[in-house]
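Presented below, as structure tokens, is a lone chain in the form predicted on its own.
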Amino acid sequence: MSAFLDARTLPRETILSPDLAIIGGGPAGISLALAMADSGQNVLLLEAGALAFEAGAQKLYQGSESGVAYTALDGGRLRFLGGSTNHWGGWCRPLDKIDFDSRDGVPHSGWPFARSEIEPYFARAQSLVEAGPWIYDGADHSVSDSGSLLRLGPGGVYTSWFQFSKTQGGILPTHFGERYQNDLKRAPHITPLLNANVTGIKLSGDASHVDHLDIVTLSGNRLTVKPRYTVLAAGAIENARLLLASNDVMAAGVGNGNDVVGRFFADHPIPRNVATLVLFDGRVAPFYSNFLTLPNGAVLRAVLSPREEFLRAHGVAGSLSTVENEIKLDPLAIAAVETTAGALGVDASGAKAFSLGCGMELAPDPERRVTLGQERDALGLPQPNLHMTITDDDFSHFRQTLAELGRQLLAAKSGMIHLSYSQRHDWLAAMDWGNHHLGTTRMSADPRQGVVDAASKVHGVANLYVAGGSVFPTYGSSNPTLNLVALTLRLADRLKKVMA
């Protein structure tokens, strides 16, 4: 079993010439490397960090922000092998079919292909994230011994399901760097190179293809990589920053002839305590507020989701609402519950109340973007600036979904909800974020609307591809990791054909 290489210890000005260079050792980069292991191609996996956290490397993620308050840029990602899976929550759920469609009321929405394109890769992606047997929205009958689904009248909201990544024999989600380190070492055609910061994607003089990559270490060593093909898999902010900063041949940056690189950044807003759910009989199955482990090893949690027909009819974005902590009602709220229950002719003497949390889908916004800031990092690269936006429509769309949930509870005579926020400042005061960086190198068949094509290749650059959440043109409300791994496995199959 071979050790990882360290860019700090290689002879200065070393030139490496792999068939494929993968920039980034997070879930996309590692999944791609492993998927290419049997291709016969020599793969160089370039990880900017080490095997464990180092403060100096982490500082390279620093940047500036404007617009809506957001997580510090060096707080949302970890710069060592495994990337974001070193601190992810393990929530897994496939994107819905409608997430790939262009939708009325959601400008710039839609992928250049249907979900059926990545469905063949879901099983392998599920295995890599170690989320157990594939159940998801087929879980209703599997949980009957643990409680009943919330009673809802007919309508636009239903109970759907997440599954949870769990390392074999453990309780934590799978950290790709730890879990697949030995697999990377064993693969004869994969060379992982640590502490290898790519500071430039250098194009040929005619800008038709990548000629080489500049590598710099924090210790000052400099290397050159001359790959046949390159895949950029460094995360949505870093992907955009590197493309924009590589501007020696294309003044606007690689792949940025139409000023799309860095635009359409997205994350999932997670405002807290968005509503109070009251159940008249006080009973809520434990799988709504906690994870449930089935005998087959699947770990599930129920959420409340809008149906496809509701999304289409009302032009709203996706969302996933979670039942959280039990809360005590004040006397006025108790009176409202008793009055409502009396009007419905039901007994509310055992009523209990719970807070609701959520994950929201943002509508694509070209002004929510990553640009290059004025400050430079320790390697000389311009630091990124993130301009964050969230519109009043993003909030009002989710309120429509919550209102529909309340209507269905009343129709079923099972409960009611009270919406917590109506004003923008209230929503923002309760805001948290999923740290799901998406969208900055979005996919589109039209070069005017996207950075990469339907095969994840950068428009106009013959041997440069992008992997990960940055290619998502619309985002859904599901956590992205399972989906970006499936999309990356699809890319691996494409590369095996074009590189053969």
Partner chain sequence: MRRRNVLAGLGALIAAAAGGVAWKFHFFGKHYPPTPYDDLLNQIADREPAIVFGQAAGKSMPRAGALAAQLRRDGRTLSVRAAMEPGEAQISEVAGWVVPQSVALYAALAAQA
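Note that the structure is a prediction, hence the values are computed from the model and not measured. Residue numbers count along the first chain shown, from 1.
The same protein also exists as the form predicted in complex with the partner chain; that form is not shown, yet it is the one meant from here on.
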* Stretch in contact in the model of the complex with the partner chain, which is absent here, among 387-395, 342-350, 81-89, 133-141 (heavy atoms within 4.5 Å) -> 342-350
* Structure fact -> Among Ala411, Leu172, Leu428, Val249, just one has a heavy atom within 4.5 Å of the partner chain in the model of the complex, namely Ala411
* Structure fact -> With the partner omitted here, the residue among Leu320, Val225, Ala302, Met416 that in the model of the complex has a heavy atom within 4.5 Å of the partner chain is Met416
* Asked: Judged by heavy atoms and a 4.5 Å cut-off, are Gly235, Ala455 and Leu487 together in contact with the partner chain in the model of the complex?
  -> no
* May I ask you to check whether Ala125 falls inside a 4.5 Å heavy atom distance of the partner chain in the model of the complex? => no
* Asked: Using heavy atoms and a 4.5 Å limit, would one call Gly200 a contact residue for the partner chain in the model of the complex?
  -> no
* Applying a 4.5 Å heavy atom distance criterion, does Val210 contact the partner chain in the model of the complex? -> no
* **Ala335, heavy atom within 4.5 angstroms of the partner chain in the model of the complex** => yes
* Residues from 285-299 in contact with the partner chain (non-hydrogen atom within 4.5 Å) in the model of the complex -> none
